[in-house]
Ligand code: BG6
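Only one chain comes next, encoded as C-alpha cells, the form predicted alone.
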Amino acid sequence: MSATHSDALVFFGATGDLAYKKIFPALQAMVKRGHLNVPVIGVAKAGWNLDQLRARSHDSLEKHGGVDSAAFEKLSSLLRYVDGDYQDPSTFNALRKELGNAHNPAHYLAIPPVLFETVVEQLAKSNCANGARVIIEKPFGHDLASAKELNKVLLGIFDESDIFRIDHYLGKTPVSNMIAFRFANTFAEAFWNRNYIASVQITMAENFGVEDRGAFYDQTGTVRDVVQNHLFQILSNLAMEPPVRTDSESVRDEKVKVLKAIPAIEAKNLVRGQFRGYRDVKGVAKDSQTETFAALQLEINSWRWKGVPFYIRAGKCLPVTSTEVLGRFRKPPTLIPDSVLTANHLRFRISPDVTIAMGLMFLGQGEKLSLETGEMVAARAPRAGDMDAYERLLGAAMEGDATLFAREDYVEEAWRIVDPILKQGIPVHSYAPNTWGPEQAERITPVGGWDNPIVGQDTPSIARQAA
C-alpha cells in the first residue's frame, strides 16, 4: 500500500499538550496548502464532544501561529471525535464506526509511550489496523532492550513499511540541507572525508532549563532526550555515503550503515553534567543523577571517516540556544609556521538561522607577511511560509514516504551505541547556568577547542574557541 494515500487521519491524544502546541497548527497548514482533505478523527479520554475539540483547536491556533479563517473552517468540517478509555474495546469499536468508508487510515499516537502497546493491540482487535499506517512519537524505547520490545509489538501488527517513527528533527529543512549541500555541490565531495577533515563537532545548546518537564526529564536525561535521536540523525546526514537511488529505503540504508560503523561509546569518552538548580525543579528528585549536559567523542570506522574523531555536545542552561556543526580541516603542509595558521573549517548552523560558512585565511594589512581569518557565509533567517516539521512529517506519512522516519534497524543501532554508558553510573558534575558545562568537559575537547555558537551576528568570528 506504499503508493496509497491515507484516507483518514486518526490522532490519539487529541486533547493533549502536543496536539495543542504542534498538531493543530500543522493540520491547519496542511489544509491551507491543499494537502489535507480527509477526515481527521481525534481520540482521547476527556469527557469531551466534537464541539469542545473544535473549540480547543481554535484556541490552539490563536496561541500558536494564528487562525486562517478559510483553512480553519475547512479543518473544522474534517474534524471528528471519539471519547473513551484506550483500555476499553468499545472506544475502538466507536472509532471503527467513525472511520466509515476509510480503509487506509493513518493512526498517529501522540500519547505517552507506555500506551503504545495497548493502543496498537486494540487497533488490531477492532480491525482498525487493516490497511492502516501507524505513526509514533519518540522516544522509541528507553534503552536497547525496550526498543527491541517496542519494535516486536509494532511488527506483530504492522509491516515495517507501514510504521512511521517520528523524530521531528528530521522534518526540519536545515537538517536535510546538509544532504543537499553534500550531494548537490561537486566541490563538497572532494574534501568531505578523512583525507582533509581533522575532526567534526556537533553542538546543540539551549539557554533554558527543563521548564515544566521536570518529571519527564528526570527519567530521561540529555543522552536519551536529544543525543541518541536528534544528534545521531544529524551525524548520519553528515557522514552517510551518497545513496544509489533517492527512494526512502536507499537513503535509510546509508544512514544505518553510518551507525553500524560506530562502536559503542566507552565511559572514558563521555562527560555528564547537571546545572545548578536542576534539583529544585518540580518533579525532579532531590538527589537526581540525571544529566542536563553531555559531551562525548565517538568514531566512525568507515572508509570515509576512519580515524576522524566526532564530538557531540548538548545541554540545558548554556549561554545560547543554537544547533551547529563544525568540520575542522587539517592544516596545509605549508612553509608558513604552524603557529600562525588557523585551521580552515566548514560550518553548518541549523538553528536559529540557517548558515553554511567556510572559514579561511587571507593576507592581512601591513608590510610583513601577516594572516587574518574570516568566513565566507551563506545565511538566511527562517522564511514566512516555510513548512513546519510536523506538517512535513504528517504529510509524508500519509503519503507513505518513509524517507524522513527512523527504521527499525536504525533505532536499534542508535540505542546500541549509547546503551552501555546508560547503565554504568558515570558521575554527574555540577555546572553553573550560562556556562558551557562542567570544567570536567575539557576532557572531551577537539584539538583547537570547541566552536561556541554566537547568536545574533550575521558573520560570526572564526576565532570562537572555548574559554
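Residue positions are given as counts along the sequence shown, with the first one as 1. Computed from a predicted structure; not experimentally measured.
Below, we turn to the form predicted in complex with 6-O-phosphono-beta-D-glucopyranose (BG6), even though it does not appear here.
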* Structure fact -> Within 4.5 Å of 6-O-phosphono-beta-D-glucopyranose (BG6) in the predicted complex, heavy atom basis, the matching stretch of 295-303, 88-96, 220-228, 254-262 is 220-228
* To do: Indicate whether 6-O-phosphono-beta-D-glucopyranose (BG6) has at least one heavy atom within 4.5 Å of a heavy atom of residue 208 in the predicted complex.
  => yes
* Asked: Should residue 316 be counted as a contact of 6-O-phosphono-beta-D-glucopyranose (BG6) in the predicted complex, where contact means heavy atoms within 4.5 Å?
  -> yes
* Is there any non-hydrogen atom of residue 349 lying within 4.5 Å of 6-O-phosphono-beta-D-glucopyranose (BG6) in the predicted complex? -> no
* Asked: Quick one: is residue 310 in contact with 6-O-phosphono-beta-D-glucopyranose (BG6) in the predicted complex, heavy atoms, 4.5 Å cut-off?
  -> no
* Just one of 74, 330, 213, 152 has a heavy atom within 4.5 Å of 6-O-phosphono-beta-D-glucopyranose (BG6) in the predicted complex. Which one? -> 213
* Heavy atom within 4.5 Å of 6-O-phosphono-beta-D-glucopyranose (BG6) in the predicted complex - the one residue of 165, 345, 172, 107 that qualifies -> 172
